[in-house]
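Here's a solo chain for you in structure tokens, the form predicted alone.
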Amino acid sequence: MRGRWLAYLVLVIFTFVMIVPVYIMVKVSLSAPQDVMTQHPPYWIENFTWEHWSRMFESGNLWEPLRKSLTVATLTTLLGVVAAAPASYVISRMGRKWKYTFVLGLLFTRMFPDVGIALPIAVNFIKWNLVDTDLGLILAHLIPNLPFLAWILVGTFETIPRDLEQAAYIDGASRLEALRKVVFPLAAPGIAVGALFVWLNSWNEFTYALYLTVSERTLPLQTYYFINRGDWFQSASYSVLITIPVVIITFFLQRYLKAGYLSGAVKG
């Protein structure tokens, strides 16, 4: 009983630590300057205003970064799933030795920090005229996300018994039909989780965007621009805007994040 209360206390403290910065971010974006630029700012919003959000929407600097971030994150996710799902299925059906080698290879590609490999990638992309293009940023985002997604999906396909495929073959299904009607529907929760992580990684990505963007910024770069200028109200408004799609997508896909959901998908 004492351990349960201690766990609740830790959970409350952890929730408080996580929520307070988000609240302050929202508060700054909706408060008049006299509520923020003071030695003792109030905890609650005393002088509410939409002025900072109006400036953001009317500045003409929002829609292109928003379009670019949405386009890059969505296409990175789609291309990543299309490339990683079949490859992960093949790896999951390999022998133990080869499967272990490929999984180690996937993890090996994630050992290098993005900031260390972004520069040589940017140098090559300059030669290929991919700088400041959506395609260049999509390809750059696939470099760290594709091994990560494949690593998740290998684990997902491993939970699907081969007996289900054998049963489909006995019923007259071809290999492609077995994959389309049996394997991939059962793997859908894992694919959704992997796609969610890839979309979030691409949406929030900063390092590659900084190297590969000259004039057409993404939303994280646009936020960084206002932070550098010291405009806290525009920084807070852009930060809230970046967070809104993350909250919406996580809300609709959170049921796939439940522990044990993947293993439960093939039971019964």
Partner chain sequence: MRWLKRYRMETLLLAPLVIYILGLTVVPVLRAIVMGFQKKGTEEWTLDNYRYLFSRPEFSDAFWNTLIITVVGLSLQIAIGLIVALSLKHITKGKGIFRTLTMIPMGVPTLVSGVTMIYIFATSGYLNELLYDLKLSEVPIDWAAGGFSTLMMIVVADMWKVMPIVVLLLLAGLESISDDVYEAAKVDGATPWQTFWRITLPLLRPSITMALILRAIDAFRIFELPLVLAGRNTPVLSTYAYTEYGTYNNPYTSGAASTILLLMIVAFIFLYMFVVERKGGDVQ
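Positions refer to the first chain, counted from 1. Under this definition, the rigid core comprises the largest set of C-alpha atoms superposing within 1.5 Å between the forms. Computed from a predicted model, the values in this text were never measured in an experiment.
Below, we refer to the form predicted together with the partner chain, which is not included among the displayed structures.
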Given a 4.5 Å cut-off on heavy atoms, tell me which of 141 to 149, 156 to 164, 186 to 194, 67 to 75 is the interface stretch with the partner chain in the predicted complex.
141 to 149
Does at least one non-hydrogen atom of residue 39 fall within 4.5 angstroms of the partner chain in the predicted complex?
yes
Within a 4.5 Å heavy atom cut-off, is residue 91 in contact with the partner chain in the predicted complex?
yes
Please determine whether residue 132 contacts the partner chain in the predicted complex, using a 4.5 Å cut-off between heavy atoms.
no
Using heavy atoms and a 4.5 Å limit, would one call residue 61 a contact residue for the partner chain in the predicted complex?
no
Even though the chain is shown alone, can you say which residues of 209 to 227 have a heavy atom within 4.5 Å of the partner chain in the predicted complex?
210, 211, 220, 223, 224, 227
Superposing on the rigid core, I want to see if residue 14 changes position between this form and the one not shown - specifically a Cα shift of 2 Å or more.
yes
Following rigid core alignment, is the displacement of the residue 93 C-alpha between this form and the one not shown equal to or greater than 2 angstroms?
no
With a threshold of 2 Å on the C-alpha, tell me if residue 248 counts as moved between this form and the one not shown once the core is superposed.
yes
